[in-house]
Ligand code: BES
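Here you get one chain, nothing else, as structure tokens; it is the form predicted on its own.
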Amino acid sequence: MQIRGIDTPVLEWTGDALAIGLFEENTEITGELAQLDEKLAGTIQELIAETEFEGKAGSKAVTRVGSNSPIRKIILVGLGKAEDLKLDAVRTTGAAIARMANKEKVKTLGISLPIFNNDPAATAQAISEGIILALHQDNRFKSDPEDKGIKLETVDLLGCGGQDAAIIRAEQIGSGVILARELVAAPANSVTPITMAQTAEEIASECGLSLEILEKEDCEKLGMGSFLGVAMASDLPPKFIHLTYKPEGTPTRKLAIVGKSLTFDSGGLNIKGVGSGIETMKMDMGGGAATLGAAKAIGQLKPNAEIHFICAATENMISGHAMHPGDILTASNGKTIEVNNTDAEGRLTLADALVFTEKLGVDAIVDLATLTGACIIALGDDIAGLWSTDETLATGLKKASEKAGEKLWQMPMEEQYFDGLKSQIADMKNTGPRAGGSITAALFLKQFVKETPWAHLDIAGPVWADKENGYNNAGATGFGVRTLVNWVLSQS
């Protein structure tokens, strides 16, 4: 499928289907659209009347045009009220049009939407992202998929001529989101610590990044007792992945992204029971998937900042080698941890990853993790929690997420809640009381970052969608990639 920005007027465009966006208060056909309607023998006005189309956000209507017309079908999409239009709505509208066109077996599609905020580049990128993400299909594990693939061959963005760079940028970011989706969606017998390392190797090779993979022995030498404690029960070796993107010349900033990378979480000896969703625990590497997805996108976008991508990849399994509830682990910064719940393992892997990352001398660290069910209870399925020790960093991430259309909500770093993590025999326990569980998880991680500005994103809710929503299909969403990319670009 090719997406093109063109300046061909709607009156002159020809192809299988033309999609037109209309605001709620402006469904009267005037100007150029009135001329197009006359050219199409009143088809647009007739469609509005027959479907009682009012331009409400998310509304759609489609009809066939007469056989002698240069356009085979007309698609109308509602944009809601003009004053309420946001960039993410443009992205969502692009997705809705693409899905409808594909369903209608359209091969050549024209899209005519208002230029958002007089910014054709942002408009072209948002529409393109919506199209790419909505039409992504993951049929890797189906022997005979019902939907054989994308029918669309060419999409023309009318009024977006000269925006090739913006469309390419959307394709590069989309490739990172799709990588993250496919990593999260794949089963644990397909995505393992070993294959995650292989994916990192592919990114390094294709995008010109450098790669360091620490094996178990390397991690032992660095004293990563917290990470290795989780890895002990698995038959598969842990892989500590460190990808680095360096720009040409002097970097503007030096940043780090750390992703929780549990390729499967059985819960350990505090095993997850029936009804716990154990079959979904292939998703527990959603933070690592977003990290690798961001690495792929950033390697193509080539910003002026230096970026480090860290994934401490392992399984959390059960065997005679498994850590026991009550064991004490020693992290690489010397802090001791009483394991009162082996199912709170993600924070144990992140502890050593954060210590390692801070030693790189970066200007800021962002970690992503499917860390707590408590965050889902607090914020639901669509919003990620944000904790930070630095307001400038938090503000930058919130702006980046708003541009991406990925919802974040800043949560309190309530220091007194750390009392719930205190241990009688170690420096801390790995879990506190049930109340405020997502906050105490963030406070635990905070113990492993000394001075560097740091932010933690708990993406347990939005990493997966149970049903189609906007440009996300049911399943893995790739949440976090676009926010990370936007944040990095804003720093370079």
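The model shown is predicted, which means the values in this text are computed figures rather than measured ones. Numbers follow the displayed sequence, beginning with 1.
Unshown form predicted in complex with the ligand; subsequent notes refer to it.
Only one segment in the set 249-257, 99-107, 370-378, 321-329 has any non-hydrogen atom within 4.5 angstroms of the ligand in the predicted complex, and it is 370-378. Although the partner is absent here, M281 is a contact residue: one of its heavy atoms lies within 4.5 angstroms of the ligand in the predicted complex. At least one heavy atom of D343 is located within 4.5 Å of the ligand in the predicted complex. Contact check for H308: every heavy atom lies farther than 4.5 Å from the ligand in the predicted complex. Taking the partner from the other structure, the ligand in the predicted complex has no heavy atom within 4.5 Å of any heavy atom of K239. Site annotation in the predicted complex: the residue of A460, I44, I439, A455 reaching within 4.5 Å of the ligand with a heavy atom is A460. Screening K272, H136, K403, K407 for any heavy atom within 4.5 Å of the ligand in the predicted complex leaves a single hit, K272. Annotation: in the predicted complex, residues R4, T93 and E129 none come within 4.5 Å of the ligand through any heavy atom.
Taking a 4.5 Å heavy atom cutoff to the ligand in the predicted complex, none of the residues in 118-134 make contact.
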